[in-house]
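Below sits a lone chain in structure tokens, taken as the form predicted on its own.
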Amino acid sequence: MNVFYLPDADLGLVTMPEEESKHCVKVLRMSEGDRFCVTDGKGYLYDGEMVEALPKRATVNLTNKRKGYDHWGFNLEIAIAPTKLNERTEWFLEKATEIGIDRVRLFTSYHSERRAANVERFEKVMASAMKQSIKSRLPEIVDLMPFDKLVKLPFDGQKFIAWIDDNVKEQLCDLYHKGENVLVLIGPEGDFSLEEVELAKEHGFVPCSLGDARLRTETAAVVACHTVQLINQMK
């Protein structure tokens, strides 16, 4: 089923944004009477029916407002240093949205190779993944901030820093408590510096391992996201 993102969705007649109108009318060649699904990105799904198929301002009728399945009783956040190649960060954002995540925070650290981020582009990637996976909630993405500022932000839950070190033996899957809010820090290609790890520990972050394999930044972030979701879905 085709899914469209209408952030201002509500029951009744709604005008689709130009980008979504063009996609459904010009690309998918939808016409009056065609049915589809709509997500508002805020937790609800709707049944939609095309009323007026205009390529710039299509009008649709929305019915059957319902809560999406992608609601859980905890908050999952991943903080990641953007990769040198943007497409790798975009891959993480796409997969994390599909798996289920509440917020992504971007940061710069000592070994960062990218110190600028196109947040608008990233939001579009996540919105596309939300539609593809029929999610009702669009994750929040927070623009770049320095690492030393990030670790000082208040967070009500468990806090971890994924760090590759011979002395870090305990894994995230053993340390994380089911049902609790969680924030996991994922470093850049060159990992965190010793000073950054110590600073994180001073502010309540617990070093953890994501397993024996040496992972790319974006892969590590997906593993952390999936680990938390999997633990919470286990009976």
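One rule holds for the numbers: they count along the sequence shown, beginning at 1. Worth saying up front: this structure is predicted, and the values here are computed from it rather than measured.
Just so you know, the form predicted together with another copy of the chain exists too; it's not on screen, but the next bit is about it.
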| item | value |
| --- | --- |
| Interface stretch in the predicted complex with another copy of the chain - options 76-84, 146-154, 130-138, 113-121, non-hydrogen atom within 4.5 Å | 130-138 |
| Touches another copy of the chain in the predicted complex: residue 37 (any heavy atom, 4.5 Å) | no |
| Contact test in the predicted complex: residue 211 vs another copy of the chain, heavy atoms, 4.5 Å | yes |
| Non-hydrogen atom contact residue 219 with another copy of the chain in the predicted complex at 4.5 angstroms | yes |
| Contact label in the predicted complex: residue 159 to another copy of the chain, heavy atom within 4.5 Å | no |
| Heavy atom contacts to another copy of the chain in the predicted complex at 4.5 Å, residues of 169-189 in sequence order | 171, 173, 174 |
